[in-house]
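To begin, one chain is listed below as structure tokens, in the form predicted alone.
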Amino acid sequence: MTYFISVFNQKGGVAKTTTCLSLGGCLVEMGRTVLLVDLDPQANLTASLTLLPRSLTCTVSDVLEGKATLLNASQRTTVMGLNILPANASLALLDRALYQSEAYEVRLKNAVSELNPALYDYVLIDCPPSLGPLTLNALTVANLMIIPTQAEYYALKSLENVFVLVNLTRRRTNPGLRYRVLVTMYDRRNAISGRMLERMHDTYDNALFNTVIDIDTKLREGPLQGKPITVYSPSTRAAQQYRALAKEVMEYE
């Protein structure tokens, strides 16, 4: 049975795409098969795996428009067991057009329903940093939403809007949606970060992952090489932390 995970935060720059790529790499390393779905018009996840968004002739946009199947549009990556459904800038136009379509929130759900459940153990969806139709599609199909966030005041304030979206999705299209908050880009040398993390435990303790992802320059270098952290720099602290996250995720199934 395939388990669907959407990675979302309305605030940009919180390691959303990095988390999607790194978690996918860790799950594959643990013997699971993974499909990454790029639903962000910026197509950073696509580019992180050495694909050129502008040159793609078949993307997730074609799948959502019913012009291609998910199986036909997905591509293999250089990492065995890790495939991607890529994106390009055409997603931005589609995001606006979907509002005019009937039952637009279930486009992705309908597309993945045609997949053989034995093909992928996990589907990880990289959402755009906006509360639009593409994000609603991702949350409608998700078993679990991962919310990456920094231990900073404004990052915590943005979580309020995310929780509103969770409740909306539960009422409209996905009553079983669960979520967990992941602290990323954590600076252990910063006393303020420590205090904000304590505040998060006081407020969201049951919703927090135990794993915390520290700042690590290797996480920024990996996409330049077209590889997840587990392949690019497997012995780093960041790789170990994302492996710990993968183990936690597997416990939520």
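The first residue of the sequence shown is number 1, and the count goes up from there. Remember, it's a predicted structure, so these values are computed and weren't measured experimentally.
Heads up, the form predicted together with a small molecule isn't pictured, but that's what we're talking about next.
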Legend entry - Exercise: residue 230 in contact with the small molecule in the model of the complex, heavy atom 4.5 Å: no
Inset, instruction - Check whether residue 220 has any heavy atom within 4.5 Å of a heavy atom of the small molecule in the model of the complex, and answer yes or no. - result: yes
Inset, instruction - Although the small molecule is absent from this view, report whether residue 185 comes within 4.5 Å of it in the model of the complex, heavy atoms only. - result: yes
Inset, instruction - Verify the contact flag for residue 243: yes if a non-hydrogen atom of it lies within 4.5 Å of a non-hydrogen atom of the small molecule in the model of the complex, no if not. - result: no
Legend entry - Heavy atom within 4.5 Å of the small molecule in the model of the complex - the one residue of 213, 28, 51, 70 that qualifies: 213
Legend entry - Segment assignment from 189 to 197, 202 to 210, 40 to 48, 60 to 68: heavy atom within 4.5 Å of the small molecule in the model of the complex: 40 to 48
